[in-house]
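Take a look at this single chain, the form predicted on its own, given in structure tokens.
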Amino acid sequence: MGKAFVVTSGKGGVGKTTVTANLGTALSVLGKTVVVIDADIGLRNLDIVMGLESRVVYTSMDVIQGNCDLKKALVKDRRSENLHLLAASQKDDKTSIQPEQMRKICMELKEEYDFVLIDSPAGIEQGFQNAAAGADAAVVVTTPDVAAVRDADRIIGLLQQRDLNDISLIINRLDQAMVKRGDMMDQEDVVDILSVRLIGVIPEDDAVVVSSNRGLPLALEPNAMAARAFKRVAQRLLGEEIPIPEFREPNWFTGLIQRLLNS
């Protein structure tokens, strides 16, 4: 039996879809069978980031409506034989699917795949509820800025209210130079505030934007700095003990965000 992870954040623009695509690819490269699910009904992007948009025929809504079975709706990634995508419908909206329907899909996929990664839409409304419904665990993605961390704190609270306590954290787009200048929160600041297990720090890397535009997950480009970081995250999910680099510099962000969260 596999395990389902919802990849979420609360705030848009922090890189959930990029993390889902690259983490799924990295796990598949390491020999695990993976399905990535786009749960953003009406606004799908995961297929584009993975370069699979031209191959999508059926979506999760087709499965729910009985137009095809689940296996037929899965899109195989030709570059990684262990990786499949379940796309979201573009013509429906988030209210078109119910949490129990997503839960059923995830249960069926876990019977055949090692990992099911669910790319959650931004926000805390119906889309988030649907994405979290079938998850056994959560990966919260945040960038090291005040608004993103504050929203991450909110989403962690909502996950815990759902008794989903297996929560891990990925800090995305960390700029080491800004951290050293004291212009950006460092990883220890973020972890101190959110109080969940850190499983990865993805550095700021122009290659991420290039790979997304090309539809080629960065995890397939092993020389990129961010690609190596995604591989380390995948290895940690598999239970390997790999140190996370630390870039700590004192800055004023910690006090500010603590005041915001406590206000």
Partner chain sequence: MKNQQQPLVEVKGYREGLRIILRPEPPFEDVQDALVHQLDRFGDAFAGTGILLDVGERSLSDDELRRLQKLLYRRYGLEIRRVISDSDRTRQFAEILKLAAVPTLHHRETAIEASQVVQTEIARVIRQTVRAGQVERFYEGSIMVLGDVNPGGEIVASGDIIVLGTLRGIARAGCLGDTSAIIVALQLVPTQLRIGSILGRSPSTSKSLRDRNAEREKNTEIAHVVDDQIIIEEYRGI
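Positions refer to the first chain, counted from 1. These numbers were taken from a predicted model, which means no experiment stands behind them.
Absent from the display: the form predicted together with its partner chain. The rest refers to it.
With its partner chain left out of view, the stretch that reaches within 4.5 Å of it through heavy atoms in the model of the complex is, among 190-198, 23-31, 227-235, 208-216, 190-198. Its partner chain in the model of the complex comes within 4.5 Å of no heavy atom belonging to L83. With a 4.5 Å cutoff on heavy atoms, E112 does not count as touching its partner chain in the model of the complex; it lies far away. Under a 4.5 angstroms non-hydrogen atom cutoff, its partner chain in the model of the complex has Q160 among its neighbouring residues. Although the partner is absent here, P99 sits far enough away that none of its heavy atoms falls within 4.5 Å of its partner chain in the model of the complex.
Of the residues V141, I118, M185, A138, just one reaches its partner chain in the model of the complex with a heavy atom at 4.5 Å or closer; this is M185.
The single contact residue among K94, R103, R79, R150, judged by any heavy atom lying within 4.5 Å of its partner chain in the model of the complex, is R150.
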